[in-house]
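This document starts with one chain, in the form predicted alone, laid out as structure tokens.
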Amino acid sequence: MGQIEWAMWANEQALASGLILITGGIVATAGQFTQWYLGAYSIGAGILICLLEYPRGKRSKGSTMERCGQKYLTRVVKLFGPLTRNYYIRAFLHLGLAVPAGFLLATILGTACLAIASGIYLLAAIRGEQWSPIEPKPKERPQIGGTIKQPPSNPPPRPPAEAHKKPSEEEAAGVPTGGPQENPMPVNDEVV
């Protein structure tokens, strides 16, 4: 049985928790909660998390589906090098970003989700996983004429392969094997 790639699950969880933090922060700020500044913090932290987590990492085995527009954010995430590639750093960054938002009721769900994502990232780091970008594959152009050795000589529908056999001895001697045949019984054409 294959080994689970935990970073893929942590990425989805962290992206969802970033969106939940943004939503909770908007509710807290627009509703003018007593600690509305924690709501504003949650909006900023949620945006930072979404920008960091939007580019998916390449899976070690198999193929990875790239998110729409991911290639632009991948360049930005690659610029930070080991700060974004190492899952230990991501785990503690997410845990640190989650703590202040935990003191406000509107953002506590985002905090819990982000803490779970942090735990999953820590598990991925312990198992030796590391973020690597999805590189676009160079498009291979098929060589014209390289795949077709010789075009077919007769148009479709083509007869089956048995029809291409060498003529038998009877055909070579001129004895017809196919076509119209003579009826050995006399046929009377009487209409009653």
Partner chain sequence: MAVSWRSWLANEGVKHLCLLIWLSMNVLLFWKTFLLYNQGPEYYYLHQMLGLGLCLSRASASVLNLNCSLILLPMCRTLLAYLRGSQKVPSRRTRRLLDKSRTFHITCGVTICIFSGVHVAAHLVNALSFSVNYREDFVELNAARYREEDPRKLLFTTVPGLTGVCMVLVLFLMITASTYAIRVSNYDIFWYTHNLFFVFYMLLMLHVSGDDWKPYKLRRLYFIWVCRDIQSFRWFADLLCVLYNKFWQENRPDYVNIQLYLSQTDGIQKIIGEKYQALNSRLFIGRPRWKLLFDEIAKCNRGKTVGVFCCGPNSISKTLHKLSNRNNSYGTRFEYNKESFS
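In this text, all values refer to a predicted model and were calculated from it rather than measured experimentally. Positions refer to the first chain, counted from 1.
Another form exists, predicted in complex with the partner chain; not displayed. Remarks below refer to it.
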Among the candidates 97, 77, 91, 113, the residue which, in the model of the complex, approaches the partner chain to within 4.5 Å (heavy atoms): 113
Whether 65, 103 and 106 all lie within 4.5 angstroms of the partner chain in the model of the complex by heavy atom: yes
Residue 59 within 4.5 Å of the partner chain in the model of the complex, heavy atoms: yes
is_contact(residue 27, the partner chain) in the model of the complex, heavy atom dist at most 4.5 Å: yes
is_contact(residue 54, the partner chain) in the model of the complex, heavy atom dist at most 4.5 Å: no
Residue 20 within 4.5 Å of the partner chain in the model of the complex, heavy atoms: yes
Residues in 11-38 close to the partner chain in the model of the complex, defined by a heavy atom within 4.5 Å, in order: 12, 13, 16, 17, 20, 27, 33
